[in-house]
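One chain comes next, on its own, written out as structure tokens in the form predicted on its own.
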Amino acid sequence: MTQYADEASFLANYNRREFDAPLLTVDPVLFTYHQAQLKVLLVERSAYPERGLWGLPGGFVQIDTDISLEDTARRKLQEKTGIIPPYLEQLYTFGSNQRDKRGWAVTVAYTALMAYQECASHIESVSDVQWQPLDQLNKLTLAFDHQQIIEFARERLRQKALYSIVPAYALPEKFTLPELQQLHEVLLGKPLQKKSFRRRIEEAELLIDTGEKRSDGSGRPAVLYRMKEGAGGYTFVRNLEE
């Protein structure tokens, strides 16, 4: 073993390719709420491996330019969809010698949320970009282990819906309390008591009344709210089902 006088000498001679390393990617799971459905953004792969299959808008870490994993997640979303979401949180790390046909692979998954908008690819490795309803994913064959990653992210978001208003990042900037409640109900898979839900949200003072209203044509116009800065970080002491 070579002996070095100091750490600077060691680093100057260090060869990071001396040891085998797994493929390293980042895969954001981007959700939105549209037409009363929770949807996830998928891209159609135009290159091997898994060409022609739908998958998450992720990709490899660029060692020379990406300062952090979050930088990679934002860069890949920008390249493959043209957007950067307002909410991005590290989800979980998936790794095995079975994930990718190219070899031992690790991906760091992120949960991301944004209001619905049309998205378009800005990179040649993607043929198409589409929002897919979560309840329709069983009709698709997804690339790699992306079905598992989406299911994991969906469950994490359900837990967030129990104790926070993080799901509101999937709504437009201005939304009504009924819309927020409907989104939570979709995530939780059960109805919530209207008065209790409204009281809990109002007591926490997480929203700002915009002074505007919107009518759905079926009753009195509903007040439009927007989230206070930092509201997504608030955690209810008791979950919203209680």
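Everything quoted here is computed from the prediction, not taken from an experiment. Quick note: we count residues from 1 along the sequence shown, nothing fancier.
This next part talks about the form predicted in complex with the DNA, which is not shown.
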- Task: Just give me the single entry in R51, K174, H34, R198 that has a non-hydrogen atom within 4.5 angstroms of the DNA in the predicted bound form.
- Result: R198
- Item | One residue of E202, E44, D66, E185 in contact with the DNA, assessed in the predicted bound form (non-hydrogen atom, 4.5 angstroms) | E202
- Task: Please run the contact check for P221 against the DNA in the predicted bound form: heavy atoms, 4.5 angstroms, yes or no?
- Result: yes
- Query: Is there a non-hydrogen atom of Q193 within 4.5 angstroms of a non-hydrogen atom of the DNA in the predicted bound form?
  - Reply: yes
